[in-house]
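One chain follows as structure tokens, the form predicted alone.
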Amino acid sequence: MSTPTVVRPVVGETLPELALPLDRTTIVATAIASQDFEDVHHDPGKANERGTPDIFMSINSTNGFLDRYVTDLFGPATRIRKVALRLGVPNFPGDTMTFSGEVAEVTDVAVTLKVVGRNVRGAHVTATVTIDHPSGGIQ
């Protein structure tokens, strides 16, 4: 990914988008990597029995991709203080989840971001993420 790094965030600043194509392997691998072995994340038949058309992404995977989006923007030393998220529509194989967001608050020590990850059906995740101020706040 070659997303530009945000150096001095300003309230209202729009964050660059990140589009993540999601295939079956990504959904299964990220569920396993986060030790979420729930069958709806790897077995299409079990997912169908529970009323979904296919396997779907786990919340742990969503959290991981959300963290990646933020740390790619602000740098690998970014310290995430708090994440509050709400899931919406599921992510299925073949979807592309596109993250976008804006800077909601900037203090001397922290930056709060409003982030959304969407697919063609709507918002998969809406989140508020607070990080240490990237220009040197609390380390």
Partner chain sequence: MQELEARFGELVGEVAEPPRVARYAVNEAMIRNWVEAHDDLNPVYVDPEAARATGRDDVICPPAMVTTWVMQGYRRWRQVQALRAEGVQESHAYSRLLALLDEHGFSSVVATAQEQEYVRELTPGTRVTCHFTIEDISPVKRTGLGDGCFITLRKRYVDQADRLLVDERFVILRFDPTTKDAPKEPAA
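Keep in mind it's a predicted model, so treat the numbers as computed, not measured. Positions refer to the first chain, counted from 1.
Missing here is the form predicted together with its partner chain; even so, the following discussion is about that form.
In the predicted complex, its partner chain sits within 4.5 Å of a heavy atom belonging to D36.
Although the partner is absent here, V109 lies well away from its partner chain in the predicted complex, with no heavy atom inside 4.5 Å. In the predicted complex, its partner chain sits within 4.5 Å of a heavy atom of G64.
Contact annotation: A104 falls outside 4.5 Å of its partner chain in the predicted complex, judged by heavy atom distances. Taking a 4.5 Å heavy atom cutoff to its partner chain in the predicted complex, the contacting residues in 76-95 are P76, A77, T78, R79, I80, R81, K82, V83, A84, L85, R86, L87.
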